[in-house]
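Below, in structure tokens: the form predicted on its own, a single chain.
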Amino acid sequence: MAEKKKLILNCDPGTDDSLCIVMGLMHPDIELLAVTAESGNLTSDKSSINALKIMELMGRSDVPVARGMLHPLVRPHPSDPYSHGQDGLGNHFFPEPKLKVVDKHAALVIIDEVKKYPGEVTILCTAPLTNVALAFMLAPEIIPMVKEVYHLGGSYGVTHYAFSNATGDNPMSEWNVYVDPEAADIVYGSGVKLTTIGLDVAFNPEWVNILPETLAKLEKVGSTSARYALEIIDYVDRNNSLPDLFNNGPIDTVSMCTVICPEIIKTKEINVAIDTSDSQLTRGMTIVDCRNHFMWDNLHKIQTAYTIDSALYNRVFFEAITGLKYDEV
């Protein structure tokens, strides 16, 4: 039996983030060490509570949930233009959780878990990177101890959906970088093994949709996790699709599926900078230098996804939500 992947989920639930928690709890190959709540879709006091609500929905109390900063590193928290519902969980209005967040800052949880399992911990970030940047600043010695970081973040010009589906609060940015570009700049430039999945892939309706046969399988299973996934998919479809742009794939789940099965995506190395200026047009933009001549050699070198296997994404999504094999249902 293969050893489970040790995972910290740095998230800001949020509809799609909440499904990532479910997937981390359900997939047999994942050992979810902790959930660290960011200020992103919601401020961390609310996103951490939503994480606890999902833990209770799933009947789990063994995974710690830690709260991060209430705002980005250097500026107030902006308002998310993307619709997650009044409660941030697609208007499920779950009761207030009995579970509590741990009495330790999210950045310290990251530091402690990485030191506990040096070389083994993957950090999946489906949110801004404030907690991770703070952990790297407080304990830079952990950076080479992190196995890898995946970030659902940025727009890299791989497809036109990178910008036509921009989710930040300006024409050129993606939300998870826009909220705290200073934090993104720290993490992207830290030297940690980093793979990004931008809107080019994750919000691409040609590649990322939950197919009718997958929806039918989820309905057939009918478990708590399957029903919740169907409800979130329906919410995403009804509230965030456009008449000529059908997109029911919960964005962040692409990155969780990638952690589980890296073969889902193909990546390439890019040279990228983060715009940390005060420009109303470009703050938070991930600027890729792809020139054939005169390319700057001082930019961050990272891996980014440029395509995804849609059928494999559906298969892994289903198996992570249900804990069952796709072909056996």
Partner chain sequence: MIRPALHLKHHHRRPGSGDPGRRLLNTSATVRKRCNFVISKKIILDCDPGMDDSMAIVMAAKAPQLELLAVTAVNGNYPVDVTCVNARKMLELLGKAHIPVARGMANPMVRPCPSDPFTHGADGQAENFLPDPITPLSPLHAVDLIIETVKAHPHEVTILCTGPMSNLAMAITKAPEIKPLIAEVIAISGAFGLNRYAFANATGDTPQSEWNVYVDPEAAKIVYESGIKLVALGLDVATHFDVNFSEEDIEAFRTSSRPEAKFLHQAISFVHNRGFEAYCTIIDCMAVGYAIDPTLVETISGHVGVETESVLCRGMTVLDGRHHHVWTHLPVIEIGAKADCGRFLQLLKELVLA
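Source: prediction; values computed, not measured. Residue numbers count along the first chain shown, from 1.
The following text describes the form predicted together with its partner chain, which does not appear among the structures shown.
Met58, Ser61 and Ala66 - do all three of these have some heavy atom no more than 4.5 Å from its partner chain in the predicted complex?
The answer is no; none of Met58, Ser61 and Ala66 reaches its partner chain.
Based on heavy atom distances of at most 4.5 Å to its partner chain in the predicted complex, which listed stretch, 262 to 270, 42 to 50, 283 to 291, 66 to 74, is the contact stretch?
Answer to the contact question: 283 to 291.
Answer option from Pro212, Gly222, Pro171, Pro95, heavy atom within 4.5 Å of its partner chain in the predicted complex
Checked against the cut-off, the match is Pro171.
Its partner chain: the contacting residue among Ala166, Ala226, Ala133, Ile142 in the predicted complex [heavy atom, 4.5 Å]:
The residue from Ala166, Ala226, Ala133, Ile142 that makes the contact is Ala166.
Tell me, yes or no, whether Ser277 is in contact with its partner chain in the predicted complex, where a contact means a heavy atom of each within 4.5 Å.
Residue-level check for Ser277: yes, a contact with its partner chain.
Touches its partner chain in the predicted complex: His160 (any heavy atom, 4.5 Å)
Answer yes; at least one heavy atom of His160 falls within 4.5 Å of its partner chain in the predicted complex.
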